[in-house]
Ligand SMILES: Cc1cc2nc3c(=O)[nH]c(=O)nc-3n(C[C@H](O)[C@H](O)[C@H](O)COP(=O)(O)OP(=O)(O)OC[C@H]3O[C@@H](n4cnc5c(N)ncnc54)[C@H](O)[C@@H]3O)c2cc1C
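Only one chain comes next, encoded as structure tokens, the form predicted on its own.
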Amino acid sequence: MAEFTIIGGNVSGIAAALYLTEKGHTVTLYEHRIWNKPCGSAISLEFKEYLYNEWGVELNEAHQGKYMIIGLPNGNHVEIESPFVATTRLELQEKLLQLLKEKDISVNITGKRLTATEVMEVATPQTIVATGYSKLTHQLLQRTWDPKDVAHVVRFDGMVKNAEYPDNHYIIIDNKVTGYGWLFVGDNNHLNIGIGGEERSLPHNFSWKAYFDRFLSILREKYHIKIEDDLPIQGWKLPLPVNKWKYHVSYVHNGIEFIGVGDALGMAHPILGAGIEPGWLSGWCLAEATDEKGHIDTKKYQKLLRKNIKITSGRRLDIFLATMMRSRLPYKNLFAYYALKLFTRKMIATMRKHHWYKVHIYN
């Protein structure tokens, strides 16, 4: 049995806390606040059911929609039955943190971000870092991300007056930011609208607000969705490496071994940017790499991550499509459209077969 400190109380940190506690270890989790993290917040139907059936977590605000529309700025698109539900990160974090409290796991909502010095004061010999893309992650894990592996995301999440839209989710691929925009629909005019793209692809004078407004105009003019302008947006950075294994998973500082989970390791899907379920999976992998005495074998941890992530989002097809979509080839939008038209159903079917949260059968 051992004691662990976890810095960061969103999905990956919470998953690590749950699985470590299930193995009999003691966990103290530090989170600076409960908040609506700026991201798409889509999860698979299977993961929603898993949270309810296995952990009793019911997401009341999750909304499936009828179809997922994948298209281009010119209006060309493909349509598939919606494979996911759109929730809010606020509700997801609130429900998961409540689950920790029900399990008698110590949760410390600090009200402010811990500094590296403050972390050292509460750290255990092996401390888990679940702080995503942040200065603290860089300090604790000594990770310097390659610019091509970093995406910038901005989004609006909330109620929209006088919006008119069908009951569908939308993903619009756009070469201008080497990324895509999305619109996820919720109940009662609740919308999650965002855009994300590669940091290195943006010109010096690029304006995310201007591009966000441009994306709204595409939704209106090409997809006939009525949404007002001047929606307030929030920004976020996210590591999305195609090759996740060129970065180390841990770093020793002053005798403390800091070990990353979730976005701190760039676990999100290299094409979709989906990070909730890979983050959850990384928490399981970390617990599985922990022996009875409470020592995390980081070599075993990385092996488990590599094996399981490869099954869900690291297949050759995923890597090929991600690499091509990030290239600077002419007509890349058109290529991306036809590639997704050909492979989307196969990619979604594979992800639904090998669930991010159940692939721990591959041990």
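One rule holds for the numbers: they count along the sequence shown, beginning at 1. Quick caveat: nothing in here was measured; it's all calculated off a predicted structure.
Only in words, not in the display: the form predicted together with the ligand, which the text now covers.
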| query | finding |
| --- | --- |
| Full three-residue contact with the ligand in the predicted bound form, heavy atom 4.5 Å, for C39, A42 and R113 | yes |
| Option touching the ligand, based on a heavy atom within 4.5 Å in the predicted bound form, out of I105, L191, L141, L238 | L238 |
| Contact residue in the predicted bound form, chosen from A268, V249, L281, A287 - any heavy atom within 4.5 Å of the ligand | A268 |
| One stretch from 62 to 70, 31 to 39, 296 to 304, 48 to 56 that, in the predicted bound form, holds residues within 4.5 Å of the ligand by heavy atom | 31 to 39 |
| In the predicted bound form, I276 touching the ligand (heavy atom, 4.5 Å) | yes |
| Contact label in the predicted bound form: I128 to the ligand, heavy atom within 4.5 Å | no |
| is_contact(A17, the ligand) in the predicted bound form, heavy atom dist at most 4.5 Å | no |
| Partner proximity in the predicted bound form: S134 to the ligand, non-hydrogen atom cutoff 4.5 Å | yes |
| Within 88 to 104, the residues that have a heavy atom no more than 4.5 Å from the ligand in the predicted bound form | R89, Q93 |
